[in-house]
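Only one chain is given next, in structure tokens, and it is the form predicted on its own.
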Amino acid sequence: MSNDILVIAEHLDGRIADISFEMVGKARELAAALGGQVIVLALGSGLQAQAGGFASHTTLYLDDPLLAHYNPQAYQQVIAALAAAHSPRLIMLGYTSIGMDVAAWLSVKTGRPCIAYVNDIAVEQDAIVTRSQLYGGKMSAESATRADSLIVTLMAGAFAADAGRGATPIQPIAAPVPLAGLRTRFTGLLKPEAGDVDITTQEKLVAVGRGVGGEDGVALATELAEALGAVVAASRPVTDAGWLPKTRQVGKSGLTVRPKLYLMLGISGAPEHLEGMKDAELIIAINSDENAPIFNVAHYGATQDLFEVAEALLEAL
């Protein structure tokens, strides 16, 4: 086994995902401590220019029309073959729909241990130490392993994406396994239906979570949003309950937003939600639970009753 780190890049709709750069930036730190190199593996079609934008030591790029969209069978077989060829100390994937799909299969196939939900990782005395965020951020688990090779899936937003951006010439590679005749094929990408408002274009959002209690709480948030010149968004429990339509949902299974202001009422800060709003310029959280994980990312916060705060803000406005 080498001390190299293999990072599996992700893309969607012809764009390299930010989680890929986040992993590369952290991998550079780890590789320096291990005495190895960072190898990025990008699978796609027509992504040559973007694949050259990593701050890696080596970027392997496999271009094939069958890889223009994610195909679990193709990814699994290609990654397993290249992992066997390069024998990396660490294989990094995002804790995303793709990473979850590949990592567990790869662990079983190759016999490598797999640690998920990772939001921090370091090298300590030749051991790889990880910290995982569990149960919506309510528990933190630390693991240390000296295994010859380890697979980890990292939470989106845990590390800086800019640290992974650079200019490394790509190294085109041929498919190490046949891609013709795959039993799995891509048929289409389902996206959320267009709603009355496109929350991805808004500069100000008032986001509501389970803590608003019901439609009356949503009505109060809507009144506050109107006073701020903002639009109401929501976490998944709110849309699952039918209090707001799915087109207002922010998070992994919803939409990604980057407003100038993101004011949250009654949102605890589950990783799935953070993935959709982590790049907001100003994050303000109102939650009566002082241990809510959202306070780890909010710029400002109040541990008060959200209804009292919302009504006070309305009165001030």
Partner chain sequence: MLTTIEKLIFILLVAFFVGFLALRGFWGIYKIVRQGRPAPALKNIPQRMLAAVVQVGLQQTIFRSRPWLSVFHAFIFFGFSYYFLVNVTDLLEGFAPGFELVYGGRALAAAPTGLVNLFNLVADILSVLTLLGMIVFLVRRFISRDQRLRFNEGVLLNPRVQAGGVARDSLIVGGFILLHVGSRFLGQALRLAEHGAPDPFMPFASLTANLFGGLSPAALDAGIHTTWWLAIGLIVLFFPYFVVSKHIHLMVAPINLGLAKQNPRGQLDDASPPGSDIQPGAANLLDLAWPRLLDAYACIMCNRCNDVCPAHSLGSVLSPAAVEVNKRYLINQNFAALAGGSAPPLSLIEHVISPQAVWSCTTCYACVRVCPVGNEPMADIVDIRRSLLIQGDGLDSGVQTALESLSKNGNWFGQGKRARPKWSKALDIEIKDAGKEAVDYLWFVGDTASFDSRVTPLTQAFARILHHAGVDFGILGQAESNAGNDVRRMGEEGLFEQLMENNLKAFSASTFERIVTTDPHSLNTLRNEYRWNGNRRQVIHYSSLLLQLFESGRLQVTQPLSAYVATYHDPCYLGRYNGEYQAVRKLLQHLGVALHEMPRNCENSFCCGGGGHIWMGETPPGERPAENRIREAVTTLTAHAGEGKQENWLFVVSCPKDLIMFSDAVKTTANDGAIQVIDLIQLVEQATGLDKA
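None of the values given here were measured: they were computed from a predicted structure. Take the two forms, superpose them, and find the largest set of C-alpha atoms that agree within 1.5 Å; that set is the rigid core. Positions refer to the first chain, counted from 1.
Form predicted in complex with the partner chain: not shown, discussed below.
Asker: Just checking whether Gly214 would be counted as a contact of the partner chain in the predicted bound form - the rule being heavy atoms within 4.5 angstroms.
Answerer: Within the cut-off, so yes.
Asker: In the predicted bound form, which of the stretches 172-180, 159-167, 84-92, 215-223 has residues with heavy atoms within 4.5 Å of the partner chain?
Answerer: This holds for exactly one stretch, 215-223.
Asker: Going through 233-261, which residues have a heavy atom within 4.5 Å of the partner chain in the predicted bound form? Please give them in sequence order.
Answerer: Just Trp243.
Asker: For Ala292, does the CA position differ by 2 Å or more between the shown form and the other one when the superposition is done on the rigid core?
Answerer: Yes; that C-alpha moves by at least 2 Å between the shown form and the other one.
Asker: Quick one: core overlaid, is Ile16 moving 2 Å or more at the Cα between the shown form and the other one?
Answerer: No, the C-alpha moves less than 2 Å.
Asker: Taking the rigid core as reference, does Gly242 move its C-alpha 2 Å or further between the shown form and the other one?
Answerer: It does, since the Gly242 C-alpha is displaced 2 Å or more between the shown form and the other one after the core fit.
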